[in-house]
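What follows is a single chain, given as structure tokens, in the form predicted alone.
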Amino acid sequence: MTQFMDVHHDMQGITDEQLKRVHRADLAVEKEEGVHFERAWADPESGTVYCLSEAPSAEAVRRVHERAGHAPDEIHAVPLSIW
């Protein structure tokens, strides 16, 4: 499985509760696509939301987000990371 960082634009003003709600919507369907969403971050001022996931493909990530009602604008594979 590969890690992916996807990006959503035009979510200006998103609140903590709204971010939790959209993240829960992803979690509700992720297993059906073999995806696991690990974490989400948001910048309410710019309207940018970032989601980190582990998935078999970028298309699987896209399908989960689309089914949850918020398709990503970008999806990037993250083949290298350090902790």
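Heads up: residue numbers just count along the shown sequence, starting at 1. Note that the coordinates shown come from a computational prediction; the quantities given were computed from them, not determined experimentally.
One more form of this protein, predicted in complex with another copy of the chain, exists but is not displayed; see below.
- Message: Would all three of Ala25, Lys31 and Ser57 be in contact with another copy of the chain in the predicted bound form, where contact means some heavy atom lies within 4.5 Å?
- Response: No, because Ala25, Lys31 and Ser57 lack any heavy atom that approaches another copy of the chain to within 4.5 Å in the predicted bound form.
- Is there any non-hydrogen atom of Asp10 lying within 4.5 Å of another copy of the chain in the predicted bound form? Contact check for Asp10: no, nothing within 4.5 Å of another copy of the chain in the predicted bound form.
- Does Ala68 reach another copy of the chain in the predicted bound form, with heavy atoms at most 4.5 Å apart? Answer no; every heavy atom of Ala68 is more than 4.5 Å from another copy of the chain in the predicted bound form.
- Any non-hydrogen atom of Val78 within 4.5 angstroms of another copy of the chain in the predicted bound form: Within the cut-off, so yes.
- Query: Wondering, does Asp73 line up within 4.5 Å of another copy of the chain in the predicted bound form on heavy atoms?
  - Reply: Contact with another copy of the chain, no.
- Message: Given a 4.5 Å distance limit between heavy atoms, list every residue of 18-54 close to another copy of the chain in the predicted bound form, or none if there are none.
- Response: Residues within 4.5 Å: Leu19, Lys20, His23, Glu38, Arg39, Ala40, Trp41, Ala42, Asp43, Pro44, Ser46, Thr48, Tyr50, Leu52.
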